[in-house]
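The chain below stands alone, shown as structure tokens; this is the form predicted on its own.
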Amino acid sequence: MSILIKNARVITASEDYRADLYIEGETVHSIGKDLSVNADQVIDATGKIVFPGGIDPHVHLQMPFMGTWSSDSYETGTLAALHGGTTTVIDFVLQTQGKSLRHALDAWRGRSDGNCYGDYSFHIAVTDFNADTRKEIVQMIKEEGITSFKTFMAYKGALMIDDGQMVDLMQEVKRHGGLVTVHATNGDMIDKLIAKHRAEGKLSPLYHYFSQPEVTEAEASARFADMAHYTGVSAYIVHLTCQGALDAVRRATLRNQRVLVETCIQYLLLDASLYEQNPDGAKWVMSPPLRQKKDQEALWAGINQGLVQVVGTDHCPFNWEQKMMGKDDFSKIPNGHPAIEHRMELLWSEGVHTGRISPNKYVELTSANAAQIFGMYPKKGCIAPGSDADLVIFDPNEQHALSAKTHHMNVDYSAYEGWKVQGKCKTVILRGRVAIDNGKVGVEKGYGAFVGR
């Protein structure tokens, strides 16, 4: 199949121009004014914007957690992502302590392969770094095309590694040219505060927030940056939420260190006052928790200062019945938040439309930077001849409201119920096929391909 998109305003991380786009097979063939070609399908994009398909580098689909599973499968989650303009996701393979990375990868690929509508890749979360794990790092990079390794500084007994393991892992990953990412919160402090609040009978969702104060994230972010500086590894902090943690990154720049930062759409738009609602506050129980208004201001500023490179989602949905596992104890509420479908539209509406960020910065945050950081560029994250034809045709003038009644994520509430959004993803093209067109699905389950990096 071939597609000709006519009269588009094309926006990339560095450019903003008007042109036609000709797609042949899975890739962009040519770009120019008034292209004269015969195509199987012609799309008139007059009045609309075309930008690269979104890359969400932080999702958890069909993930076992706290005695249950995140409610979006690879099928429902990647389809919801496509509806919202995200054409590629990167999920996390979680090593089981005592078992190999290969064991974990096989389990995740058993759930993902053949079931995705959109393209996907993996990070590997290393929860047990030992002599055997060390040997697997190079295999994952060279043989599997998985170049990023996540670590946890919290969740002791399940996911957390100590600082000695962290340094050893960093040195091994650096040796083979990979990247270490981190959930940077001080698990020991958090566990102590959870126990204290439970002992005092303070069990509502608000105490999830009080159990993870800003200092727990700021301290861990600084410690991670120090270890990365010592080892020289490429380093990336996931879901950074607050001014204290961002200031730790800012201080690292004073010694000429680069620490890459991802925040998530919820931390830019929502704040901790939502936890005062009981039991509804459970909808926003995630780790790290939502923060204060001043932290939102710091993150928006950090984006424009170049300290924050990526906006992801940490999409990890649980249905209300699952959330109610913790109705009598905040520490039993499954941590997670549904956002995979809304990230692109919310960030345009609240970022570009309001004047907080430029259209080019928007493309950086939603696709281009993630593609470059995680080794997908220029296959993904740009619009150029030879690149994958992953494109969003976007109407910046269409207003609509978000609701659980109309979203495609497999979760029975919306964290953004009734939220009015300016701009809508109208047509989404994935590797040269119209995947979504005005809400209609044009690809089948299994079209989504694994992206080796």
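Don't overthink the numbering: it's just position in the shown sequence, from 1. All of these numbers come straight from a predicted model, not from anything done at the bench.
The same protein also has a form predicted in complex with a small molecule, omitted here; what follows describes it.
This chain is drawn without the small molecule; in the predicted bound form, the residue among G336, G84, P205, G312 with a heavy atom within 4.5 Å of it is G336. Taking a 4.5 Å heavy atom cutoff to the small molecule in the predicted bound form, the contact residue among F152, Y377, F210, W108 is F152. Note on the interface: of 312-320, 72-80, 115-123, 355-363, the segment with non-hydrogen atoms within 4.5 angstroms of the small molecule in the predicted bound form is 312-320. When contacts are judged by a 4.5 Å heavy atom cut-off, F65 counts as touching the small molecule in the predicted bound form. Taking non-hydrogen atoms only, S287 approaches the small molecule to within 4.5 angstroms in the predicted bound form. The closest non-hydrogen atom of H183 lies within 4.5 Å of the small molecule in the predicted bound form.
Taking the partner from elsewhere, H239 is found to have a heavy atom lying within 4.5 Å of the small molecule in the predicted bound form.
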